[in-house]
Ligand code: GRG
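A single chain comes next, written as structure tokens; it is the form predicted alone.
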Amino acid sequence: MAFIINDVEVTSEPSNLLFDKHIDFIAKQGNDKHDYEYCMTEFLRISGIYWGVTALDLLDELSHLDKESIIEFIKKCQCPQSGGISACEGHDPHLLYTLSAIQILCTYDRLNEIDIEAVAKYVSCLQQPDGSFYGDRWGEIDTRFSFCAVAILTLINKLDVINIPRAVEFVMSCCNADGGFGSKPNAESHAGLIYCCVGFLSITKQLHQLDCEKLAWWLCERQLPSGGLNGRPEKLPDVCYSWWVLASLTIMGRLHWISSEKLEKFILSCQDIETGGFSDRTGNMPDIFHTLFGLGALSLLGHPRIKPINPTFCMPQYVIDRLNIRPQLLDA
């Protein structure tokens, strides 16, 4: 019986980075406050700003955004009671949006604009006795939140406020027989969650606990004949997994295990030749989320027009260098 691979057709165009179109696409995001999509994405507003800020910085065109208005918005989103940061004014704070806000402020070198001590207290209060982290006060547990917690605290130089050994123990309890990681113990391995766990271990300098050979093999199997990468077996390729998979392989020193040439062709085929921006797959509508991760993946592949990106933090490498942060990376 034939085995059918779930894949897509990739066009040969465009074959070059649509640099100027991407700048225009990113800079226009959020300009129309009455736009339907703008109103419907309020729940992830601050992450959207992070995607745009980081993407433009990678293109060395950060001046297209109003830095001061972005910083003022973040200040308004910090909860005076908990210290956490929300996606938008009037929303509950969450680790996901707290990380996005901290990443933006680090890029702009303006961490002093918010109450950092309150942020550290917020993160530490979300750690549970087993080492896991709630995402917010409502109690969802996910390995994404473990990554967010240590990333936030490292960026603000407060990693000592949590129980790191217990946090590591919880993340390792989410490792599966295939070498991958899920959202919690016994959950299915997923490339996005693998990135979070590998990134977590990179920050906490515990990469020796990985079975890198097994995990890297699982990640390499995510590459399909189209060149694109999927997040799980039998799923379609998606530009965002170009980042999750490549970053994980880069941290483990095994980027060379996949076909970079085929992946780059797939990523470039997902550009919108009219508006700029990247979509999830060839021919679909572009969005700011896939635009950042498309550019981030191309940066990891060494594209000459994109600044180097740090694979652990998904931030421009010069920002991580300025903060004197050295996440653990394995040699090739």
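Because the structure is a prediction, the values reported are computed rather than measured. Numbers for residues come from their place in the sequence shown, where the first is 1.
What comes next is about the form predicted in complex with this ligand, which is not displayed.
When this ligand is superposed onto this form from its pose in the model of the complex, none of its atoms lies within 2.4 Å of a backbone or C-beta atom, and the site is open. Only one of 75-83, 168-176, 253-261, 240-248 places residue heavy atoms within 4.5 angstroms of this ligand in the model of the complex, namely 240-248. K235 is the sole member of H91, K235, R110, K184 with a non-hydrogen atom within 4.5 Å of this ligand in the model of the complex. Interface residue among C314, I320, V10, L17 relative to this ligand in the model of the complex, by the heavy atom within 4.5 Å criterion: C314. Not displayed here, this ligand is approached by H190 to within 4.5 Å at the level of heavy atoms in the model of the complex. In the model of the complex, this ligand lies farther than 4.5 Å from every heavy atom of F266. Contact between Q103 and this ligand in the model of the complex is found at the 4.5 Å heavy atom cutoff. Residue contact with this ligand in the model of the complex: L99 places a heavy atom within 4.5 Å of it.
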